[in-house]
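This document opens with one chain alone, in structure tokens, the form predicted on its own.
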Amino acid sequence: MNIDIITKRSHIIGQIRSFFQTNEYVEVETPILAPELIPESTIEVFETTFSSEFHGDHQFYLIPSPEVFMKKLISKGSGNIYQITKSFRNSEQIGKDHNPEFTMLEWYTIKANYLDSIKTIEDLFISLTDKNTPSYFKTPFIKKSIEEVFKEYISIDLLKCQTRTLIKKEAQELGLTIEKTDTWEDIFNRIFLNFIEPELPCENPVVLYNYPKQIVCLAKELKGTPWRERWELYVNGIELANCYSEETDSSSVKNILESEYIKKASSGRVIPDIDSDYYLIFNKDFPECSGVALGIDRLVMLLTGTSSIEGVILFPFSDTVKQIKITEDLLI
């Protein structure tokens, strides 16, 4: 436990709050325990039980992000909001870049889209930098579309690979083995993780924008294209933030939630309940907006030049697991 890093972490979080307050965002605090979640087929969640003599037993879930509650606030007219909160994801790696319990910064900007949010996060980075900040934090960001990096790094034209058969052929030519159960998204992700992500520039932050619409999420489709209005931010090769132009059409939201729930029900270890009426908040009064989720632990790690998020979290999960193992071995 490094006291200097703890102090720097506290200072960074204070700077983040100052940035959003200066820009007239309202800080909110929403529940960590939720009775329903937005289904995400790629994320495993933690389940727990609320027990009460008077109210009975009910299943609750630790939130993987505060999105479900923050969008409810937006539907009530909250305006620009941000939150720094604990979030939880199960069945992920433990170590350098991952911790099952992590701190997330999430914010929503009204009357903005995903491209507007790039300017906001660049301004946030400028507010966090000083003479000691690592050089890989410098602005402006490098901005490349997913289509562009596929062409540049591996000579694949994604516009010509819109079916599973076509992208499978490209993947096999790269030497990847494709299983019968692999979807278009699975194949895309394997190509990306093996051949694109390791080659991303590290001298500046990199924004990759316009992700394929086959990767289902609550981001608007970019009209007339096979892309969604979404970007991800990489700093020194590490994924740090994710952004959408938020889908505000209720029928589209309903279709996405239903399709993700079906996927989740067929493969998830914990299948969370969903609010079947959640899509109804996206009515004519729900404003156009853009949301960004950023990992605070990774941000602190990068800003302080620490080699692992284990060095910027007070009680990293890896230490807890090691202690449990030591205790179990002593009892044998």
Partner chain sequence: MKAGAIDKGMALLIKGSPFIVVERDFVNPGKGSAFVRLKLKSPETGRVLKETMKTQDNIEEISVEDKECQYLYSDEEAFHFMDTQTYDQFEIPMEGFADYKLLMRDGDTYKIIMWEERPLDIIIPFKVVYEVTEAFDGVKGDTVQGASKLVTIETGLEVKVPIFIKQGEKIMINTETREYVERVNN
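Numbering follows the first chain given and starts at 1. Everything quoted here is computed from the prediction, not taken from an experiment.
The discussion below concerns the form predicted together with the partner chain, not included here.
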Based on heavy atom distances of at most 4.5 Å to the partner chain in the predicted complex, which listed stretch, 74-82, 245-253, 87-95, 128-136, is the contact stretch?
-> 87-95
Looking at the partner chain in the predicted complex, is some heavy atom of each of V26, P35 and D273 within 4.5 Å of it?
-> no
Could you work out which of K143, K119, R190, K151 is the residue within 4.5 angstroms of the partner chain in the predicted complex, going by heavy atoms?
-> R190
Can you pick the one in E203, E179, E173, D157 that has a heavy atom within 4.5 Å of the partner chain in the predicted complex?
-> E179
With a 4.5 Å heavy atom cut-off, would you call E197 a contact of the partner chain in the predicted complex?
-> yes
Indicate whether R228 is a 4.5 Å heavy atom neighbour of the partner chain in the predicted complex.
-> no
The partner chain contact in the predicted complex: E221, any heavy atom under 4.5 Å | no
4.5 Å heavy atom contact, T30 and the partner chain in the predicted complex | no
Quick one: which residues from 20-42 get a non-hydrogen atom within 4.5 Å of the partner chain in the predicted complex?
-> E40, T42
